[in-house]
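Next comes just one chain, in structure tokens: the form predicted alone.
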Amino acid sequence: MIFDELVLHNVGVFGGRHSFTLTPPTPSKPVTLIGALNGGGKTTFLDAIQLALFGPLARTTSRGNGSYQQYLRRLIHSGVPPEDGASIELAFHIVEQGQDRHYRVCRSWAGTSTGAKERLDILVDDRPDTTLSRQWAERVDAFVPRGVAELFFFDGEKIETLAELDNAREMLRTAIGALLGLDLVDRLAADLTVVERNHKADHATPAMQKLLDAERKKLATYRQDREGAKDRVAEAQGAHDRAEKVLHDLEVKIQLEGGELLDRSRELEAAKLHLTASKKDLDTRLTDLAAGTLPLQLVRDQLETLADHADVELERIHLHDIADLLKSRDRTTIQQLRQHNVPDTVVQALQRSLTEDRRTRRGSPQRARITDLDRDGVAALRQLLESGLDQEIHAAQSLIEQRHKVENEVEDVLRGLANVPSEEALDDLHKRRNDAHRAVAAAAQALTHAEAEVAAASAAEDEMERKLSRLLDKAADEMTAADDSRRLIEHSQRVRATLKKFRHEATRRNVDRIQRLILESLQRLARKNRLITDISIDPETFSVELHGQDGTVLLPQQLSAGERQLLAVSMLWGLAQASGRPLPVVIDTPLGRLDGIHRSHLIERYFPQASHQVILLSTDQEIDEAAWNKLRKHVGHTYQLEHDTNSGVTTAKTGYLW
């Protein structure tokens, strides 16, 4: 299925007629991005798609607890008279028997004294189809099964509650039932129960009939009590959601006003002291280095020349010392030759030769020394030039880099401290936040109480059902001409037992695949992709367990808000893949409570691959300029919803917020 166009006329905040082209231009650009600020009409857009498809059975956000007609009347734009009415048109196409078939669902309504009067027209390939228009409520499941619609059309911020595994249980039960067609099995089993019950009652004795009637009245009362309790749960849930939204908005406002910095002010002061001490220590170490041999780096070339000159001086001294030793030896040699009467000519010739030899060895005349370094001093100087000085330069550079880093951190801390608001400035917001916390707690308590009432009413109803069933069985036993009736009832009971076994086995065989798809989806999206290593779903109760690296069970409370939202997205994504249905995905507030990395994963790994068509309804803070640059290559259409607070009208124009 491909959504081609959505037309809104005087629907909610959309005054006048607004048309959105949704058909992806190419398979590589499946995303339609619609940007708006809060209150700009994003939720109305999502609700309109569901309302167009499912009418009274649509699970829209803004319907509340009133009747469908009252909801339609409220949905008419406030700037027009109710009798002018409103309309939604949703055009889509699907492939049937190898050819594209185009459908247009036109749902219009006008206000009346009791609510609203609705009209539904279905066009197939631009031609009205009156039969399909009359039967649309029964046949819409062939296009989009209601049981799986929530897997494809959802509010990204609200789905986090699915990570509360008790909430996920009912969603999994409904979705898996719809995916496997088990809703038909359940309906057949329920119909058989009614047939059995009616058959037993029809053939009961007058006395038993009277008793059955009395029990039926009690059962009707219990059912009424249960429905009333359910209404109270819905009201309590709505109050709880509203209280949580108020709290969330206050948390955001406090954060924007610097509340987080105020909470961190002590931490910032401690960081300032620590960083200042670190900077002082680094300065001391740098001073010590500067007081040592480090400054010699400035005259390194001259020191190398000095070392070379010292070597020359030491060599010259060494040659002079050798020449002095030879002179003493030569003098002794000449004296011994004369004592042994060697002819003078010979002695004089030898003496001249030795004198010339010493002159040659002595070399240049000895000059005054400049360096005054001995060999140990020259060796120390060489060691300093070859390695010691480099080590000190490296140490100094490292200290300077550390000091620069500390200086930057000090500036960040000082900047943060400068922005810390006074406690008085946030006092009113903190009081309102405390009130909001109390309101959330009270709403949660009321919700728990209402849910307990539903449980109690359901238990009473179930007990009465069982009691009525036992009476019916007794009535059946009392039948006189009972052969055919008994056989009918026995066959019906056997069929119901078989259906129950079929349901269990079909669920068990598919749960393994669904677990794997959910886990794969989660590991593609999560930043700590090894945090959850396994997910198990009980095929009987649909309870979900998360397992960590060492096989231990993880509780949802151990996950951050962003991780819970990713888990919920993974559940929907895994189930959507398991459904095998090529349906568009529509997401309102897709990045609500995610941090930067989780947002990046969702933008890069989920949105372009969630389906062949993805419609995102985002604020400027969710898909901001950086996110838009990452996503734009996958975007085929962009719209911007602008709401005029003075006129109360939202208008749509092409182009995104950035």
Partner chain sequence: MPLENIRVSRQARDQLITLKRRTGITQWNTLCRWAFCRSLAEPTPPPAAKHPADSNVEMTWRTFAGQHGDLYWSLLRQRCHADGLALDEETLAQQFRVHLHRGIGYLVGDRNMRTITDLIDYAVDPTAA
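Fair warning: this is a prediction, and the values are worked out from it, not measured in the lab. Numbering follows the first chain given and starts at 1. Rigid core here is just the name for the largest C-alpha set that superposes within 1.5 Å across the two forms.
Below, we refer to the form predicted together with its partner chain, which is not included among the displayed structures.
Contact check for Leu298, Gly377 and Ala396: all three have a heavy atom within 4.5 Å of its partner chain in the predicted complex. The stretch among 281-289, 342-350, 518-526, 143-151 whose residues place heavy atoms within 4.5 Å of its partner chain in the predicted complex is 281-289. Taking the partner from the other structure, its partner chain in the predicted complex has a heavy atom within 4.5 Å of a heavy atom of Arg369. At the 4.5 Å threshold, heavy atoms of Gln549 stay clear of its partner chain in the predicted complex, well away from it. When contacts are judged by a 4.5 Å heavy atom cut-off, Gln302 counts as touching its partner chain in the predicted complex.
Remark: Ala452 does not count among the residues lining its partner chain in the predicted complex, judged by a heavy atom distance of 4.5 Å or less. This chain appears without its partner; in the predicted complex, the one residue of Leu468, Leu488, Leu373, Leu275 with a heavy atom within 4.5 Å of its partner chain is Leu373. Checking His102, Arg169, Arg403, Lys230 for any heavy atom within 4.5 Å of its partner chain in the predicted complex turns up a single hit: Arg403.
Core-superposed comparison between the shown form and the other one: the Cα of Val144 travels less than 2 Å. The Cα shift for Leu554 between the shown form and the other one, taken after rigid core superposition, is smaller than 2 angstroms. Taking the rigid core as fixed, one finds a CA shift for Pro295 of 2 Å or more between the shown form and the other one.
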